[in-house]
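Before any questions on binding or motion, here is one chain by itself as structure tokens, the form predicted alone.
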């Protein structure tokens, strides 16, 4: 009974936060509600026992995505004040509400029409998991049973960053992203930027290392590294990197390159593409996770910073 009350309260809170994000006219309030919604989704996944998904949702859905939206809202506020004053009419609002209601009804019908129990490949995946020497079934599925899809996800992140860099003017190409942050040595942000990163880096290393056998992994660890980097940048303790530096670009593509290299190695020493060498499956997975953690952290941070706005030298 108490569990049902808890879940019911969580659903009502979901609806309230979602309605706030949709119906509020203030951009900052809408984004704040969206971030809270992402964090609540993390709690929902915890209630369902999916800790890996909860960590990813909290980090990406509530964290990095919220930061990207805040960055976009800040740029749009200064870009076009005239567009901000234009409001859509009640007809447009009605059509949007009708479309959302139709989509919601279709999803409800789809979920209710699923067979019970739903067909699942989970038993086969768990049966084959010991061959990977990995204890976390999520990591086993992502990096052994559907490694091709996971590899493409790492490539998509790099392509998204290239697309953002494509918005750069010719004069600023290869420069520094974001405005100059004026540090406040005695401010709260500077204090947090000095206090939290050492702990954040240690937690990120822990999440990466235990990800093979417990909830965690490269996306959670990489997102935490990106957050710590962004914190020090926002506090003005360090400046944004020069995007033309070779080391930075190598860090961006390190994960996909290592992933692709180990995948191609399977054609030579094993049974096919992304087929890891027998006896070295866990070692290959850990190597891919380590390289991808670095690439994800660097890429997510640069995605939030946006295209270069300043030359490489002051």
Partner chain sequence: MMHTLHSLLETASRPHGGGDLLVLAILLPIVALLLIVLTGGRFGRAITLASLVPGLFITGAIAHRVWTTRTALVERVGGWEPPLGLMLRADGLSVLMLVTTALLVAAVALYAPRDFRVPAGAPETRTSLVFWVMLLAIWASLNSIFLGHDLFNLYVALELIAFAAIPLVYLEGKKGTVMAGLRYLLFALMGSMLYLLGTALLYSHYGTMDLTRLAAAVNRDWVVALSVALMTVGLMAKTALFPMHLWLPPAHSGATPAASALLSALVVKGSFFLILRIWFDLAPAFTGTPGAQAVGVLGAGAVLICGVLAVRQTRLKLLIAYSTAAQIGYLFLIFPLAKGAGFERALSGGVFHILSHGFAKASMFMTAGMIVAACGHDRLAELRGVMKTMPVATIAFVLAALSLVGVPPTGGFIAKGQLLSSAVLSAQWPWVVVILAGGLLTGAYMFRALSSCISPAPLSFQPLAPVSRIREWLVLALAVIALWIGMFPGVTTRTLEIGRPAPLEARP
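No experiment lies behind these values; they were computed from the predicted model shown. Numbering follows the first chain given and starts at 1.
Below: the form predicted together with its partner chain, not depicted.
Screening 231-239, 169-177, 182-190, 195-203 for residues having heavy atoms within 4.5 Å of its partner chain in the predicted complex returns a single hit, 169-177. Taking a 4.5 Å heavy atom cutoff to its partner chain in the predicted complex, the contact residue among 144, 134, 224, 207 is 144. Under a 4.5 angstroms non-hydrogen atom cutoff, its partner chain in the predicted complex has residue 158 among its neighbouring residues. For residue 110, a non-hydrogen atom is located within 4.5 Å of its partner chain in the predicted complex, even though that partner is not displayed. The closest non-hydrogen atom of residue 149 lies within 4.5 Å of its partner chain in the predicted complex. Contact check for residue 212: every heavy atom lies farther than 4.5 Å from its partner chain in the predicted complex.
Looking at 223-257, the residues that come within 4.5 Å of its partner chain in the predicted complex, counting any heavy atom, are 244, 246, 249, 250, 253, 256, 257.
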